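Have a look below at one chain only, the form predicted alone, in structure tokens format.
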Amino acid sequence: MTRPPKPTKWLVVLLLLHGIVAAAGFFAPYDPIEQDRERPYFPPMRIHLIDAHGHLHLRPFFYPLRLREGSFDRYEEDTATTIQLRFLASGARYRLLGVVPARLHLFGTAGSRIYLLGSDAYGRDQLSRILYGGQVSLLAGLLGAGVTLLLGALIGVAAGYFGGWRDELLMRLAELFLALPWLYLLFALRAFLPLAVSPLEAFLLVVVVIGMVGWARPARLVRGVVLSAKERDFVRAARGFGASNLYLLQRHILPETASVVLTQAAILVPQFVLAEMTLSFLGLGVPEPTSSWGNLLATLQQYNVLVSYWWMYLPALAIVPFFLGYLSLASALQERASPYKIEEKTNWNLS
């Protein structure tokens, strides 16, 4: 018997990644909206253990950057000065997990700023903005997937269990949504909504919009599972003994849909994170100064940024480990839900 891969390891990986983003205040060295107008588009700084004279330092350090002679946007390390990196340093105030007030950061410096991933046009730290932006983008993806799966499960169960004209009407509506290009539908729905809104209102609008356009596929999958489950012998027997529809759904039908819903959740979350990034990139999502992965990439619409400052692409890479983790989890869940493959081996003993 060949056992399918366990999804546990991918769950652990995703929990670690989400934990880092959820605790962004601890891992981010600075406030994401704090500006330093004297250091626009500051390049990423390098951490050193060996100085320019070949001496080994036990504590990591970095060299401050200075403008290269004869240049206005090229920097070089000033090896005459070393700045020690401090761990568990006190810094800007934040709320850990959005609740607990704190000032402790994973790392920091005294009297200087360090830009591990560079800075943007306003001198804001890119690492801090990527971590805080992940909170917005990932939460939008998770909540959007929750809305979609709730709608899809309700519609799929109603269509599959009750059948008849309800099934026909709901499935024709699902086919209509499947035929429409969802990205353009997102743009159309968002265009009808007000543009001048607060960051919280914009976030909730994005969640509702992306959550209401992707329900058709989960609904069709859930409907197929319900159609199969309600014809099984134990369900017919329970119905024959007088079991109510609510009892049958709760005890026998809905548990059969769990694997499909979980697999769809692992597939939809990264898709909806990408949808939020697309809306914010085009200015239809969460506005500045609140950071999200989408509006962090919006500066790439400027040609001089696109060709001159490579570290402004880094927010696009932040989603990669999450995509890989979710898609691997979906694959593991799908294989685990499939029946075990039984390999029959025949041994011949010749005497």
Partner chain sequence: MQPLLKVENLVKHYGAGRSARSKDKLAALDGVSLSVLPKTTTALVGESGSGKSTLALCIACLEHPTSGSISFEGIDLASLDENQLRLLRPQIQLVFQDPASSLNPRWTALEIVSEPFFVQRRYSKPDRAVRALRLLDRVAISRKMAARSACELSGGQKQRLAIARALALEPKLIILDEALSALDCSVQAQISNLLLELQASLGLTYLFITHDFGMAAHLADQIAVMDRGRVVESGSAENVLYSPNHEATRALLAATPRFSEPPAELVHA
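Positions refer to the first chain, counted from 1. Not measured: the values here are computed from a predicted model.
As for the form predicted in complex with the partner chain, it is not shown, yet the points below apply to it.
The stretch that touches the partner chain in the model of the complex, counting heavy atoms within 4.5 Å, is 227 to 235, out of 123 to 131, 199 to 207, 142 to 150, 227 to 235. The partner chain is not shown here, and in the model of the complex it never comes within 4.5 Å of any heavy atom of Met212.
Although the partner is absent from this view, Glu256 contacts the partner chain in the model of the complex, with a non-hydrogen atom inside 4.5 angstroms. Remark: Pro181 does not count among the residues lining the partner chain in the model of the complex, judged by a heavy atom distance of 4.5 Å or less. Under a 4.5 angstroms non-hydrogen atom cutoff, the partner chain in the model of the complex has His252 among its neighbouring residues. Of the residues Tyr247, Tyr75, Phe187, Phe177, just one reaches the partner chain in the model of the complex with a heavy atom at 4.5 Å or closer; this is Tyr247. A heavy atom within 4.5 Å of the partner chain in the model of the complex is found for one listed residue only; from Leu154, Leu173, Ala243, Ala92, this is Ala243.
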